[in-house]
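In structure tokens, one chain follows: the form predicted alone.
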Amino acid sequence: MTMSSIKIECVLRENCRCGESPVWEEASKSLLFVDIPAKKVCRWDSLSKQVQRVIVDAPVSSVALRQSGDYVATVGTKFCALNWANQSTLVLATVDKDKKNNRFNDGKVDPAGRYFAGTMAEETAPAVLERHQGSLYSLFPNHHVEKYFDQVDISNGLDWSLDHKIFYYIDSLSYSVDAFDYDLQTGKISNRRSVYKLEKEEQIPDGMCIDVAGKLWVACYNGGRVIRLDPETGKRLQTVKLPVDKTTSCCFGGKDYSEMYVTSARDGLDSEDLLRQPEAGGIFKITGLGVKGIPPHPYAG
């Protein structure tokens, strides 16, 4: 595959304040994503190009498929079930009750159907916030919540190795992609280590996904790019630059999961920035990467 065959297009000019958590839903050939401060969960139909939106009552930071149908989402500091037809949410569990200023950030379902998501303090400006207020949690299928650790700045990208033995995780302000040993049976994590430290021009690591070769793709907030990493060697293999600075997250989808979808943000850009990048806050599709992703796991509860 030559680099020149890569094509990047803005498939949806949604003007998200902070687009996040792209998830491909094969059944409807749609891309789900959220706009955190706009409190919106969106579903873009790749065939009709139409978008449906559900407004919830607090910042919504991630969305995931649910085995029984419909979706789950992290809304404020709550794990919620989301009924798309009647646009309603049902609270499954609440975290960080003692931290009034906190909200969830990125979340993803593990291969056993647990919904992992972490928290952070609400920002006063993009990436400006009270430090060490967040924690990482997971919602088990029986709605029990496990807390893994605290002292997190901005809980962000997460995914699991193809053999399910490693959990990859990003706390954005550590500028590092970390790995843990992972026990799929129990959902326990241990032995934290860094597998990649970001370069200065790569800026802030945000959302992340894995491909069929076991390599990680990380969206770089303020860096206007997604990077492909080898977690075993700690080397960056590829950089794909996008026409917007605030790239927030990425996932594979489309035909055979051969396309990459990237979300982006507008918050924190001034009018000059927006003139330079009119597609900021849009959803981008990257084709020709020559590698595929894996389908998202649905929440089992």
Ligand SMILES: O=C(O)[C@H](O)[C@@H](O)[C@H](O)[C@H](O)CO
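This structure is a prediction, so every number in the text was calculated from the model and none was measured. The first residue of the shown sequence is 1; numbering continues from there.
Omitted here: the form predicted together with the ligand. The next part is about that form.
- Contact with the ligand in the predicted bound form holds for none of Ala112, Asp183 and Ile189, as no heavy atom of theirs lies within 4.5 Å.
- Only one segment in the set 121-129, 227-235, 210-218, 80-88 has any non-hydrogen atom within 4.5 angstroms of the ligand in the predicted bound form, and it is 121-129.
- Think of it this way: in the predicted bound form, the ligand has a heavy atom of just one of Ala117, Ile154, Val75, Val177 within 4.5 Å, and the residue is Ile154.
- Proximity to the ligand in the predicted bound form, defined as a heavy atom within 4.5 Å, holds among Ala64, Cys42, Cys250, Ile36 only for Ile36.
- Though the partner is left out of this view, Asn105 does reach within 4.5 Å of the ligand in the predicted bound form, counting heavy atoms only.
- Interface membership of Asp206, defined by any non-hydrogen atom within 4.5 Å of the ligand in the predicted bound form, is confirmed.
- Among residues of the shown chain, Ser138 is not one whose heavy atoms approach the ligand to within 4.5 Å in the predicted bound form.
- Within this chain, Glu14 is remote from the site of the ligand in the predicted bound form, having no heavy atom within 4.5 Å.
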